[in-house]
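Single chain ahead, written as structure tokens, the form predicted on its own.
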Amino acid sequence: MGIGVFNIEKSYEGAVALNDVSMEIEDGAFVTLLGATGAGKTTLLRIMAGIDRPDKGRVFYDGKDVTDVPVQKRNISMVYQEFVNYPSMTIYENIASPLRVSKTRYSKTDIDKQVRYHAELLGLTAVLNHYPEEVSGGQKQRTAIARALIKDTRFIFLDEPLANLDYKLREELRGELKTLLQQKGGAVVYATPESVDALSMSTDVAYFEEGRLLQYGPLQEVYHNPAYVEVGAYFSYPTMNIMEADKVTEQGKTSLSISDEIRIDVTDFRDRLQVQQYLVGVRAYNLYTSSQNGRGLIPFTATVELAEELGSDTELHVRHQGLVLVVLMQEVARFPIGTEITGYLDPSRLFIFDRETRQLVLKTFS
């Protein structure tokens, strides 16, 4: 059945950490709680796990109210941002420790089999006889994850488990975690400020801001239909470009004016555009540095402020009449700082948000 939290509220010294949060997590789901530091995601994760208690609201596991059940009596595993391992135990004994203290009695053979199986999965076989201070940061975190996985638990909670790892290790563990946790069964709840973590691993995403749950749903739904401009801007890699625009009606046509060069014809959508001021969102890969064979793109002049190579891609930061925009090129290209370029915006791939309510009004594509 999964996990349910209903009307959860939590404050610390008068500061609201969670404001009336409700969500249900189905069995088999990998749910990412996404948001900036202080958004409330870790607070909710700790309440779900039973580490903290809510000021108001209830938590259910498989339909049973567990709000007042202490964490020690819950059938869960937890992985923290910090490398929480026992320094006086070898890697082998760290991984084996949950089985040694389990209510279920495991034979020495069973424990050895399970330890070596999980060590193999997480690339720890060669260091099983080492102590935590003798292995790398990535191996320490893999040990903590192995110890969580070896427990026969219904639910696994992970609080920014990749935060202290370098970029290469983060990439490796993302793929491994997704595969391993899918094999585990039950439900997984993962808190992170990194949108790329959510994009690469989740089945569902919950976006938090200032203690409020702004949107929750399947990964593809949240990504392709952000309910608020904050969701669209944050849940994108690189970030979604957000531009202020005013509605202009001239000679029977309606357009959104972003600058004297960027005016978007929205005549076909004017019945849905009832106010005068909007925020227009465009993802970085829907801005170009060439005309893309003349597909009705809108050209604009810009100055390169930063060019960063990301593997086989190039991320350009350009300035257009006071607007800083990010362009993601799917090729390796070099642009000296200060280079004047012509950029192109695809008007058929836009998100339009109400500037006051910040809610999605329409998309120019289906």
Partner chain sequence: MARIELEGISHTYDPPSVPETQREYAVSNLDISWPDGSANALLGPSGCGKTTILNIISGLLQPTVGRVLVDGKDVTPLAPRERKIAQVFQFPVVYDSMNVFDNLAFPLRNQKVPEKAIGKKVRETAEILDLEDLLKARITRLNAADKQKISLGRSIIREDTAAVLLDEPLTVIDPKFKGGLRRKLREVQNRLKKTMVYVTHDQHEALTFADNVTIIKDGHLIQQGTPHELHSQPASPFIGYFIGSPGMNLLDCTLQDSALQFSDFHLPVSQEMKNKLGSAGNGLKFGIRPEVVDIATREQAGAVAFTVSVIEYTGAYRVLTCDRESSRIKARVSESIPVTEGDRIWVSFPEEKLNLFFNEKRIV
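Just so we're clear, the structure is a prediction, and the values are computed from it rather than from any experiment. Residue numbers count along the first chain shown, from 1. Here the rigid core means the biggest group of C-alpha atoms that line up within 1.5 Å when the two forms are laid on top of each other.
Although not depicted, the form predicted in complex with the partner chain is the subject of the following passage.
Of the candidates Ser291, Thr249, Asn225, Thr179, Thr179 is the one whose heavy atoms come within 4.5 Å of the partner chain in the predicted complex; the others do not. Distance criterion of 4.5 Å from any heavy atom to the partner chain in the predicted complex singles out Glu172 from the list Glu172, Glu120, Glu261, Asp112. Among residues of the shown chain, Gly311 is one whose heavy atoms approach the partner chain to within 4.5 Å in the predicted complex.
At a distance threshold of 4.5 angstroms between non-hydrogen atoms, Leu325 is out of contact with the partner chain in the predicted complex. At a distance threshold of 4.5 angstroms between non-hydrogen atoms, Tyr237 is in contact with the partner chain in the predicted complex. The closest non-hydrogen atom of Thr254 lies beyond 4.5 Å of the partner chain in the predicted complex.
Partner contacts here mean any heavy atom within 4.5 Å of the partner chain in the predicted complex, and among 197 to 205, 266 to 274, 210 to 218, 240 to 248 they occur only in 197 to 205. Residues of 321 to 360 lying near the partner chain in the predicted complex, listed in sequence order, are Leu328, Gln330, Val332, Arg334, Ile337, the criterion being any heavy atom within 4.5 Å. With a cut-off of 2 Å and the rigid core superposed, Glu309 has a Cα displacement that reaches or exceeds the cut-off between this form and the one not shown.
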